[in-house]
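Only one chain comes next, encoded as structure tokens, the form predicted alone.
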């Protein structure tokens, strides 16, 4: 073996060593991150199931929470040990659906305008604005909601001769959520539309389709998987939002609430409300709500991914 072959062999060994090193490093990081997530879920699960199997001393007597009553209950708390999140689950789903009805069309049209219609300087500026909206902390959205959205909700209610709790209402929750999930859906939609093959677009135009027809029938159709992924992420954020929603919801103690002008409650606000000021059963039951929230988010994601897969198969 000559010197050149020896040098090449050493170089290959060094590259292989680097590949193994980075592979092991990424593997360790992945395992650590996954372990933390699993640990958190197990911790919440154990703590959340405790109220249904462990007795708590309340005024000298032992009580535990009935799981069935908890899941279908229409009142948050009735002394001494009756808790219910059934109405809160319905309120959460209701608010998320209404917010999607507002945010999704706005996000799709905005992404289409940014990528296909607006001149490059305007497109770049709007992209920066959307990215900034996505980075705004939840508390800022909550403050904006308290200062302006609740006032708007109160004004709308007055148009219909309906009284609100100072603007704290389902409508305020829906609008805040719509503002919060809009940039997430828009950013992923923009990325997905930009990834559409230019040959497909040019082919549509060459066949005589107008730009508008191409945008709606070709571009959006080709980008639907990415858009749907953005919707799924938006749903996850909407369901998991707590701080901003708790500031505009009014925290209803019973329900469900379907009127846009009545106060409402969501799973996250039920967890957050009084979390640091309570102990015993009232403290642990909030972990039970957390378990319900996790299961709800997982269930919704499974359903949405199944719908996404079904839509993808139909379009082939």
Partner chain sequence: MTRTNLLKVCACLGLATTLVACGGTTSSNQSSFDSSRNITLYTRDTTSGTRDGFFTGIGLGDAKEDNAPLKDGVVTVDSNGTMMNRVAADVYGLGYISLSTLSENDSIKGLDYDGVEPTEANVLSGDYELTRNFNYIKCASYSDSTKEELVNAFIAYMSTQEGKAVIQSEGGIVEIKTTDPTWASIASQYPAVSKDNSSVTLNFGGSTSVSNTAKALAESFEQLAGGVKFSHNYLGSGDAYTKTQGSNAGEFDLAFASREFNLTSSEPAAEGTYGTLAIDAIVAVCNIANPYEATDAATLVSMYTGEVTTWAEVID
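All values reported here derive from a predicted model rather than from experimental measurement. Numbering follows the first chain given and starts at 1.
The discussion below concerns the form predicted in complex with its partner chain, not included here.
A.B. asks: Check for me whether its partner chain, as it appears in the predicted bound form, comes within 4.5 angstroms of all of 78, 164 and 274 - heavy atoms only.
C.D. replies: Yes, all three are in contact.
A.B. asks: Consider the chain as shown here, without its partner, and state which of 119, 137, 105, 208 has a heavy atom within 4.5 Å of its partner chain in the predicted bound form.
C.D. replies: So the residue touching its partner chain in the predicted bound form, by this definition, is 119.
A.B. asks: Have a look at 29, 36, 42, 279 for me and say which one sits with a heavy atom within 4.5 Å of its partner chain in the predicted bound form.
C.D. replies: Comparing distances to its partner chain in the predicted bound form, the residue within 4.5 Å is 279.
A.B. asks: Evaluate residue 263 for contact with its partner chain in the predicted bound form, applying a 4.5 angstroms cut-off between non-hydrogen atoms, and reply yes or no.
C.D. replies: Yes, residue 263 lies within 4.5 Å of its partner chain in the predicted bound form.
A.B. asks: Report yes if any heavy atom of residue 112 sits within 4.5 Å of a heavy atom of its partner chain in the predicted bound form; otherwise report no.
C.D. replies: Flag for residue 112 set to no.
A.B. asks: In the predicted bound form, does residue 152 come within 4.5 Å of its partner chain, counting heavy atoms only?
C.D. replies: Heavy-atom contact with its partner chain at 4.5 Å: present for residue 152.
A.B. asks: Is residue 158 part of the interface with its partner chain in the predicted bound form - any heavy atom within 4.5 Å?
C.D. replies: Yes, residue 158 lies within 4.5 Å of its partner chain in the predicted bound form.
A.B. asks: Please name which of the stretches 64-72, 42-50, 250-258, 287-295 has residues with heavy atoms lying within 4.5 Å of its partner chain in the predicted bound form.
C.D. replies: Answer to the contact question: 250-258.
A.B. asks: Where, within 125-146, is there a heavy atom within 4.5 Å of its partner chain in the predicted bound form? Residue list please.
C.D. replies: Just 146.
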